[in-house]
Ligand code: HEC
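Encoded as structure tokens, the following chain is the form predicted alone, with no partner shown.
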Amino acid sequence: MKKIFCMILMLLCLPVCGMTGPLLPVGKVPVPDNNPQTEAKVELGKKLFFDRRLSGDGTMSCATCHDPNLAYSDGLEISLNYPTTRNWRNSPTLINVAFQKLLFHDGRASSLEEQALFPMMSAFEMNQNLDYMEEEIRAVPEYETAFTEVFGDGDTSRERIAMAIAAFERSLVSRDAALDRFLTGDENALSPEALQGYAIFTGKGQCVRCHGGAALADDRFYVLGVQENPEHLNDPRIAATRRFVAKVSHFEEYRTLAEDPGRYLITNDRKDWQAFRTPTLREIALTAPYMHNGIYETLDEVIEFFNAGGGKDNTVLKPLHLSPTEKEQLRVFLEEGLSGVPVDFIYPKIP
């Protein structure tokens, strides 16, 4: 009987028009032809990821906002920032980031190599001059040796720095979660309550519409009507960041902008106003707070948001009418079913 029930659940994962593909276990990591993975390159990228030389004042590294102990997020509503400034968006996890086709909440980068340089250059993040950074890294003999081993010579160009960091980020993979084991035939991988949550995830809850495949994300952008945080709207540093980003994106009304336009700043298409990328749900138990602005501290709040049909002006969600028991079962599945087997992490020695 249980085997039949599992088969029915699997059928519920099959895609329909406008949805993602079926749920899949994590497979082989995609790697671009122009940046093949090597152990030495991953190790070099790991050192650079934790090196504070990549920031203008030497106080921040990539790991400042992407902590291994928090599934490579940072546990804050919005990411940390360069002194005297303030960021405006939540730090997304880097777990399984190799499977994403577009990066950042607004999808402005199409590769990890492109993505890696954005925070370094950002005036309100790491605020580094890339020409100077190249020379800072080149001045370290151990780095020059490592670049020679990985790339053939000691040139520490920004492009190579980004390639090495991207290689390290492609190694950050959550595997062997209960869901993966269930999808590969282990009928006992999910607890009874998590199994009920799985049925809700793929059925009444409609989560699989956007959170399918192996990445549990569809690389699309949606207007969900997530509310702005009033505290953020009243912070002059965040207001300056919001206006700055809009200004460099050539948004003419940047001086009066009072909300996050989302993907609109990338496409200039009105349908993308306040649209944000579907995030992965892998390791979601470790990546609170949630949404692009960290407005929700718990999964219960997120589930309630979707159960209510999203926020004002959302264009895709409708009330789900989940019972309290169903909401609890869904949360159990998200927490228990999507957490991979922990991997011991050894911090690198920075030269």
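Model, not experiment: these values are computed from the prediction. All residue numbers refer to positions in the sequence shown, first residue = 1.
Note that the form predicted in complex with the named molecule isn't included here; everything after this is about it.
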{"query": "Candidate stretches 202-210, 149-157, 178-186, 234-242, one within 4.5 Å of the named molecule in the model of the complex by heavy atom", "finding": "202-210"}
{"query": "One residue of 196, 115, 174, 229 in contact with the named molecule, assessed in the model of the complex (non-hydrogen atom, 4.5 angstroms)", "finding": "115"}
{"query": "Of 31, 316, 308, 40, the one that lies within 4.5 Å of the named molecule in the model of the complex (heavy atoms)", "finding": "316"}
{"query": "Close approach of residue 80 to the named molecule in the model of the complex, 4.5 Å, heavy atom", "finding": "yes"}
{"query": "In the model of the complex, residue 44 touching the named molecule (heavy atom, 4.5 Å)", "finding": "no"}
{"query": "Proximity of residue 279 to the named molecule in the model of the complex, heavy atoms at 4.5 Å", "finding": "yes"}
{"query": "In the model of the complex, residue 320 touching the named molecule (heavy atom, 4.5 Å)", "finding": "yes"}
{"query": "Heavy atom within 4.5 Å of the named molecule in the model of the complex - qualifying residues of 323-342", "finding": "330, 334"}
